[in-house]
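Take a look at this single chain in structure tokens; it is the form predicted alone.
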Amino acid sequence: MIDAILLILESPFIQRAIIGALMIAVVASTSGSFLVFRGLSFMTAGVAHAALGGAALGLFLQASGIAPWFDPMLGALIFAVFVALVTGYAGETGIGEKMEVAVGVSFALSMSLAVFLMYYIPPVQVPSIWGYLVGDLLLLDNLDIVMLSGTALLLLITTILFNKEFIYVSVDMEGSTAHGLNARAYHYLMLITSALAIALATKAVGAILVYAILVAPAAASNELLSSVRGVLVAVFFIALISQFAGIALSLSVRTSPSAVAGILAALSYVIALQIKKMRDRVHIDEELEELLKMDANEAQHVHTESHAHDHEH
């Protein structure tokens, strides 16, 4: 049994899948957590699907001969930054609703462009565009790992250096500006770095898994934990365990590891809601019990005073 496990782990595509899962967990812990804090979970889906439009543009420029050097991944990154800039511009006032609308418009524009360009791309190349929608951890190549690792490392360093600033901007952008913080710069820095990481993760594992892994664990941790550090750590482990479970199950059952990981990540949020509901119910019961004790003590106190007063008379 141990020999079989070691033999599996020696496989290059399993090794790449494990490294990819680690890097995506880092991206989820840093980028996903702050996007949920900021109320911008929808931006993950917007950026991930914008990558389809960018990839379609890259393939079109290659196929038409206009720019044979233009890589589809470059187009995906450009479109991701475009969504981040539009979202950031709409959210400079700190109003979350405007940012959600901006993400929706950018999302629609990117997807419409992707569908439009598909008519002018050779049919044999069209499936590579949809690969950005449904990816697979077991299909990562060395370039995917290098790009994903580099982006995850950049995002991790940026988050460590500007952790407090990102928290202030996420919670209260107007208040941060009033206290002298260059909130606008940190606002754009957070969105752009997150967009780049999301785009590269989308290339690796697909838009569906990226949204599930980046949003669901962060939302689940945010429901149960109050400290930012606790949320970041919990998101990392939820994302990592979900992906490892997907990889392990795919080796024994014919299934997609990315799909399993997405399902488990989504279930973590459902479970977190149930735990929070139970915890709130216990808290309410404890408060009611405490109030009843106080009322009983107060009634006993009044009865004692009344009895003492009657005894004096």
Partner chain sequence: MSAPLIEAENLAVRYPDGEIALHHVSFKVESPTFMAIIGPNGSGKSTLLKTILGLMKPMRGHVNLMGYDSEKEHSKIRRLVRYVPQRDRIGLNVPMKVKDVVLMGRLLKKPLPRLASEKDEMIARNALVHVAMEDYWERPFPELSGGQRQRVLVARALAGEGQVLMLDEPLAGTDMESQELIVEALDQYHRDNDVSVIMVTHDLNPIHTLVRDVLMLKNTVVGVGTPCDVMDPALVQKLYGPTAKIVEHSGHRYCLTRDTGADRHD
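Positions refer to the first chain, counted from 1. Please read these numbers as outputs of a predicted model, since none were measured by experiment.
Another form, the form predicted in complex with the partner chain, is not on view; read the next lines as being about it.
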The partner chain contact in the predicted complex: residue 174, any heavy atom under 4.5 Å: yes
Proximity of residue 128 to the partner chain in the predicted complex, heavy atoms at 4.5 Å: no
4.5 Å heavy atom contact, residue 185 and the partner chain in the predicted complex: no
Residue 165, heavy atom within 4.5 angstroms of the partner chain in the predicted complex: yes
Heavy atom of each of 103, 147 and 149 within 4.5 Å of the partner chain in the predicted complex: no
Contacting member of 156, 192, 118, 181, with respect to the partner chain in the predicted complex [4.5 Å, heavy atom]: 181
Stretch in contact, per heavy atom within 4.5 angstroms of the partner chain in the predicted complex, of 103-111, 196-204, 221-229, 76-84: 221-229
Contact set, 27-45 vs the partner chain in the predicted complex - heavy atom within 4.5 angstroms: 36, 37, 38, 39
